[in-house]
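Next comes just one chain, in structure tokens: the form predicted on its own.
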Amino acid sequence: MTTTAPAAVSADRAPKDRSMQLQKDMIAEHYRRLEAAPETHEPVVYTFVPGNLTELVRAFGALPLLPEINALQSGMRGMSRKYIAEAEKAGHSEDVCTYVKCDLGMLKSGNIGPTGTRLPKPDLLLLSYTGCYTFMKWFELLREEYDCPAVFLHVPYQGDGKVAPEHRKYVVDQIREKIIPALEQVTGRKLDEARLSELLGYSRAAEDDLVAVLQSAKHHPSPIDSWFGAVYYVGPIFSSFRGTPEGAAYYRALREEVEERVARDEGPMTPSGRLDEQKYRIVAEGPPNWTSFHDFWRMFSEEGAVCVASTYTKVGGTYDFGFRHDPSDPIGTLADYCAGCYTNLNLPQRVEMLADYVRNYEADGFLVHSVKSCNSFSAGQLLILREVEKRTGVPGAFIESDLVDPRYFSAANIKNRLESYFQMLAARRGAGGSLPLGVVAGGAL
């Protein structure tokens, strides 16, 4: 989702804020409905996080289910290792995206989802192509496994850094001529555009509140961690709850909770407790690791480091750069949303996004987490690192692991690199920021 943010996080070793428990309960209820779908006859549509058409799916009375969310939650619950082994035993290469292998291994192991409920077969596979070629091959495999219909929405890549009018029309035409008829076929319903507009209104309200939460990190101290902690925050809007009253209510409650922390000058809850004393403000590029999520987070919080912005929290929508769903143009706004997802942006756009975050959130440094099996994020990251350093004068660091394959998370190696990086930031601060970037960001980092 790509990569993508989890809809629920159940590793209960970390203390939770109210909103974390709320979204966990929401997702548990959603999976309960999914398990009951064969008896209730609610249609089920499999889709992905970037460019997903959740409001459209919901307008047809169908339930969305996202395979990448299942994979990352399985990683957080310690189940991905056996699923990946099952997929590799079936012949899938070690170099294949580990989300794919985890999902296929789960399917081969009985299709029990990460919450312990059985996942239903899809009535439709809905692929929005937004920059990740792996998604295409993944759904081809699922189509063979489930023997079900599939429909493909092709979204032009922003190679020139903009969406041309003909590109938008191309996506709108596909939605009207391919996606909507496919949904009508599997659900037995005609599209009610008034209903779709109503759902888009819920999306817009949730997006306003989410942006307020993410931009609260400009405060000192930051009341949120915008990488690890924001995994909880973006879950509902990235997956199954955009365009729902429950989603809108969740984001109202989350915003109120975060504004209370701002008023009290409190930091976010972390695995190490509440982080009020913040030494380092960091911007993060790339997805986090899921198999050692809380241990990874603790490597930051124990050093007093808080992530104030991240690109991963934009993989399901770049709302903080102004996009909102428009209920008055329901089909057009879905096309605009798909085209603007992070994985559909070119490298200069990604560089400028990171540079803006470093400047606007007054970051001390930025971190690139390169994921072995995720090309849509990892391609070009070394170039991104050097360009952001050059534009901002702020030193970067580079570490590597994987999404859900625990074989590629070396805790000791990553911890050593992070400790060295934070020490360099401290030394640079003590020298008045005058140390050369190559000294600060180079070497083992």
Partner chain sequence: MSTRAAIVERAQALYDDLSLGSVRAWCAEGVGRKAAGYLPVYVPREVIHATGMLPVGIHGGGDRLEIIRGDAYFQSYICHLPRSLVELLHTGRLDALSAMIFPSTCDVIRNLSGMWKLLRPDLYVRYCDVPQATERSTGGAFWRRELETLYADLAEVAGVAPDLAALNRSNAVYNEVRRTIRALYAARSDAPWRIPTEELYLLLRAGEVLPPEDFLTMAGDYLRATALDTARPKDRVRVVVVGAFCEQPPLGLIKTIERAGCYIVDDDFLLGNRLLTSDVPFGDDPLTALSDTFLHHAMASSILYEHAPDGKKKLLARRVADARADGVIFAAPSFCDPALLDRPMLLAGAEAAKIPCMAFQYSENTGQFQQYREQAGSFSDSIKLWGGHP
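Please read these numbers as outputs of a predicted model, since none were measured by experiment. Numbering follows the first chain given and starts at 1.
Unshown form predicted in complex with the partner chain; subsequent notes refer to it.
- For the three residues 23, 39 and 198, a heavy atom within 4.5 Å of the partner chain turns up in the model of the complex in no case.
- Heavy atoms of residue 360 never reach within 4.5 Å of the partner chain in the model of the complex, leaving it off the interface.
- Contact annotation: residue 133 falls within 4.5 Å of the partner chain in the model of the complex, judged by heavy atom distances.
- Though the partner is left out of this view, residue 137 does reach within 4.5 Å of the partner chain in the model of the complex, counting heavy atoms only.
- Proximity of residue 111 to the partner chain in the model of the complex: non-hydrogen atoms within 4.5 Å are absent; the residue sits far from the partner.
- 127 is the sole member of 127, 213, 269, 119 with a non-hydrogen atom within 4.5 Å of the partner chain in the model of the complex.
- Interface residue among 184, 260, 193, 177, judged by heavy atoms within 4.5 Å of the partner chain in the model of the complex: 177.
- Between 289-297, 312-320, 205-213, 141-149, the stretch whose residues reach within 4.5 angstroms of the partner chain in the model of the complex through a non-hydrogen atom is 141-149.
- Residues from 334-368 that approach the partner chain in the model of the complex with a non-hydrogen atom closer than or equal to 4.5 Å are 343, 346, 347, 348, 350, 351, in the order they occur in the chain.
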